[in-house]
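Only one chain comes next, encoded as structure tokens, the form predicted alone.
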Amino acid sequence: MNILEIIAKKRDKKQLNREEIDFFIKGYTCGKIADYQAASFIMAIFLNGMTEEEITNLTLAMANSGEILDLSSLNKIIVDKHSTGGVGDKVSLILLPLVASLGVPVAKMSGRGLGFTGGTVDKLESIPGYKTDIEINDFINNVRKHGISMISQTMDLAPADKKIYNLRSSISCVESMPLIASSIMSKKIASGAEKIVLDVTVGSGAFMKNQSDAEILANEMIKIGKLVNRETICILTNMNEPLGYAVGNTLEVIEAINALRGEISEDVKEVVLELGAYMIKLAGLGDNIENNKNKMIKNLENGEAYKKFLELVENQGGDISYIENTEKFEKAKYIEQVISNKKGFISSIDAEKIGKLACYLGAGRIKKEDSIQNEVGIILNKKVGDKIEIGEVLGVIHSNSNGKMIEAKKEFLDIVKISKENTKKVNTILKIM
């Protein structure tokens, strides 16, 4: 068996067996297979696809390419939540303390943002002192003692996936259904989850630009889950406009804090409640989805979710005085309003363009090694379907560069589309699978 034969087989649209897939994953992970050979193989998958059996074998091979986190000592059902990525997606910051306050154990390893999509780790690290790189034993003990811990991926989990993801990004093979499905599920399996709730985002600010593709991806991940005995539920959510009002690390943390205090935007609330209700169900703590939502609403209103977030931050070294008084967070050098020069109704706010604009301001990274500026970003004042008058504030730009501020304000006016006719608000929850 050699890599050239495997590349040729996939190039010729033939099905690979488990041994051939294992050979590639092991060889590429340890460096025996060169990047240019792996690139040829990944491109063949991108062009010709994979069968369900191939996708499952690829997922398991990637999951087993490194360590597997063992959470069995917690003696509880561990439900993991994952999003396929979006703009303004601060859901984990709100959802996970909320479900933890209701007895769902949260052992969450998150990633950093890349490109126009944000990362939960970057947001957590914008809280002064918060440590995302704690030892695994401390991580597990935190979950046992406090019911929640949120850290960066500190173990060598699915190293093959990291290498393949970076390669896919460099050869324009990111948007591949088999590769996205196996990437997500391999990390979930390696991170010790028994049950999985996936937020599959759909629209301009997501990998899946339309609902039919998102449904195909969701079905692939659900099938993988069944084959590896991990119950998986996918919730398709709208990402044609940014989620909530803030885009940018510190700005999103502040929005999340306000949400945990009960001031939560309707679209964020819908996503949080839907995902959380199914997390509670999979954890064995309530089968009725509406009852689960009511429990969550109660803990948002009575402050229990906010208290759990404070507990999480303080336990991991964060300065909770910033949570208690968000005015303490460092602010961008320039903060300016964008004023509308038209009247009518907001017809669209392209999430991808907003994400890229925030990235241009310094809120995101193009390469993994890029540094980011936590305090910069964008605050929307209006959402799709809202009425706007001439002279009203459309949004607020936070920038550390005057030159970028000037460009960003112009770009923002172009991104936010205004029409004379009222635009119907799009549903936030598109489908449960």
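Take the two forms, superpose them, and find the largest set of C-alpha atoms that agree within 1.5 Å; that set is the rigid core. As the structure is a computational prediction, the values presented were derived from the model and not from experiment. In case it trips you up, residue 1 is the first one in the sequence shown, and so on.
In what follows, reference is made to the form predicted in complex with a small molecule, a form of this protein that is not presented.
Peer 1: Since the partner isn't included here, can you check whether the small molecule sits close to all of Ser348, Val426 and Thr428 in the predicted bound form (heavy atom within 4.5 Å for each)?
Peer 2: No.
Peer 1: Find the only residue in Phe329, Tyr360, Tyr334, Phe207 having a heavy atom within 4.5 Å of the small molecule in the predicted bound form.
Peer 2: In short, Phe207.
Peer 1: Quick one: of Lys308, Lys81, Lys187, Lys123, which gets a non-hydrogen atom within 4.5 angstroms of the small molecule in the predicted bound form?
Peer 2: That would be Lys187.
Peer 1: Verify the contact flag for Tyr165: yes if a non-hydrogen atom of it lies within 4.5 Å of a non-hydrogen atom of the small molecule in the predicted bound form, no if not.
Peer 2: Taking the distances in the predicted bound form, the answer for Tyr165 is yes, it comes within 4.5 Å of the small molecule.
Peer 1: Can Thr237 be called a contact residue for the small molecule in the predicted bound form at 4.5 Å between heavy atoms?
Peer 2: Although the small molecule is absent here, Thr237 would stay clear of it in the predicted bound form, with no heavy atoms inside 4.5 Å.
Peer 1: Quick one: is Ser183 in contact with the small molecule in the predicted bound form, heavy atoms, 4.5 Å cut-off?
Peer 2: Result yes; Ser183 sits at the interface with the small molecule in the predicted bound form.
Peer 1: Does the 4.5 Å heavy atom contact test between Ile140 and the small molecule in the predicted bound form come out positive?
Peer 2: Outside the cut-off, so no.
Peer 1: Taking the partner as it appears in the predicted bound form, which of 144-152, 82-90, 256-264, 283-291 has residues with heavy atoms within 4.5 Å of the small molecule?
Peer 2: Of the options, only 82-90 has residues within 4.5 Å of the partner.
Peer 1: Look at Ile42 and decide if its Cα position differs by 2 Å or more between the shown form and the other one after superposing on the rigid core.
Peer 2: Passes the 2 Å threshold, so yes.
Peer 1: Superposing on the rigid core, do we see a C-alpha displacement of 2 Å or more at Asp122 between the shown form and the other one?
Peer 2: The answer is no, as the C-alpha of Asp122 shifts between the shown form and the other one by less than 2 Å after core alignment.
Peer 1: Look at Tyr165 and decide if its Cα position differs by 2 Å or more between the shown form and the other one after superposing on the rigid core.
Peer 2: Yes; that C-alpha moves by at least 2 Å between the shown form and the other one.
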